[in-house]
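Next comes just one chain, in structure tokens: the form predicted on its own.
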Amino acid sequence: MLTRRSLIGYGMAGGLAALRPWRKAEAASPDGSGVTDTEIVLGMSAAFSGPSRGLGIELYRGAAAYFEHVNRQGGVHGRRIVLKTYDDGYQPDPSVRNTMTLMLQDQVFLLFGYVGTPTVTRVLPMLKKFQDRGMYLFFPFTGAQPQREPPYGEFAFNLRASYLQETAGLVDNFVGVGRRRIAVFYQADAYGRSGWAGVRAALRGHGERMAGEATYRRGSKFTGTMRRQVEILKASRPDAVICIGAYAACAAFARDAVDLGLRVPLANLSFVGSENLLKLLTDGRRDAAAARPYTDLLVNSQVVPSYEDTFIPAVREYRELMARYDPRPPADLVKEPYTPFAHSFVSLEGFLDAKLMVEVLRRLGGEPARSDLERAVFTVRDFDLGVIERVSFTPGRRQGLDRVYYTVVDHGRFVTLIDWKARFS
């Protein structure tokens, strides 16, 4: 049964831990625009349950910190930002139902912060079908191609780099240090195939083919086994394995790879959820030395800078606001135990998504309308988001950032990788 709750906009002293229930009178604007005299309502469907729940929870928390800060400063042109959120468990069918509810019943202004390729690829055709409503999806947590290409690219705006860019960077760097036999472990769905296609294309550019491939089913848990997948890839004698999956399955694969003697670099894409991956691989180990074999050959690509790099202005702002507001996931959506991280790459991405979203809303002026959203986005040129590169959009460019970062585990935390040759040659 779908639940309703205002998740942002009713913060009290001490942060977002205590939130008043969603009030029906404020659930939608009288004209169905998602805008009232006091609020702008955004809609989000993400994973708050299941083995990938850490992705939705952390993305929400980062966005919540920035939206709460803006609301406490008076909102955007006097309107508070309200994020109306539903759980889809990282599954397509619930995501479709949630989107229908957000668009037709809740009548939100726009969609924001969806999590995952299998969900987003099912939602995009709905936006095309209901294009007369002028609904857009902003800054989904996926680097896949469908929201970047025809026929659905015109209904979405992306902030993060694509999976094609992430996989190309990983392949280029591995080949650059002599690791040319690259295998792929991937989720058997649209997300996994998107990353698989990126690896194949990048290898082709170097005159190489995949050394081997193995798949797993979406929703697999860390407590399950990946021994068969490890055995398949081990037989291909890879120099490295690129993993396209979520943290529970990728952690299980890394654990079983080490236990079965597959000692090669294991790379993960940004979507994996690095902190949750690391927690699964290190919890229960006797000490740091016992955990090291499971983490010392990990290399994760990221689409945001490290939250440890406090010389970056947006990172300092993120850390300050996360500490100040300590945002919590909506209690009615989280039904399984989960301990949030003080900082994570996923929550930093959510924070940056929210910061750019606020900038777009500001550019709409005092009378925001969906019909003006594209115009407002395309005025964002060379915008300083506070990270290493600036953000620009044009009618031919609907992705704000292109940079890919690389991280490895050092003393129990992911830090920026400086020298590939020293680490992996």
Partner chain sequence: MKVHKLFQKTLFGIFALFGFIGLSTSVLCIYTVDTHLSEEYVSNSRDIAKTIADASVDILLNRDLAVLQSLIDQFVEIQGIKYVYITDETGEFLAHTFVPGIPEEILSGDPRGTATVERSLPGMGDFVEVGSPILAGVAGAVHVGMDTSLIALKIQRAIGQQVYLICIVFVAGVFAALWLVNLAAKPLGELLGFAAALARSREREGGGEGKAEDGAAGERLLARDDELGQLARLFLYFSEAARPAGRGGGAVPARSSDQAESSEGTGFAGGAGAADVPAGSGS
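Computed from a predicted model, the values in this text were never measured in an experiment. Positions refer to the first chain, counted from 1.
The following text describes the form predicted together with its partner chain, which does not appear among the structures shown.
Contact with its partner chain, judged by heavy atoms within 4.5 Å in the model of the complex, is confined among 323 to 331, 250 to 258, 114 to 122, 99 to 107 to 114 to 122. 200 is the sole member of 319, 181, 200, 234 with a non-hydrogen atom within 4.5 Å of its partner chain in the model of the complex. Only one of 337, 284, 207, 150 comes within 4.5 Å of its partner chain in the model of the complex through a heavy atom, and that residue is 150. The putative spot formed by 146, 189 and 193 is fully lined by its partner chain in the model of the complex; each residue has a non-hydrogen atom within 4.5 angstroms of it. Among heavy atoms of residue 128, none comes within 4.5 Å of its partner chain in the model of the complex. In the model of the complex, its partner chain sits within 4.5 Å of a heavy atom of residue 216. Residue contact check for residue 229: one or more of its heavy atoms lie within 4.5 Å of its partner chain in the model of the complex.
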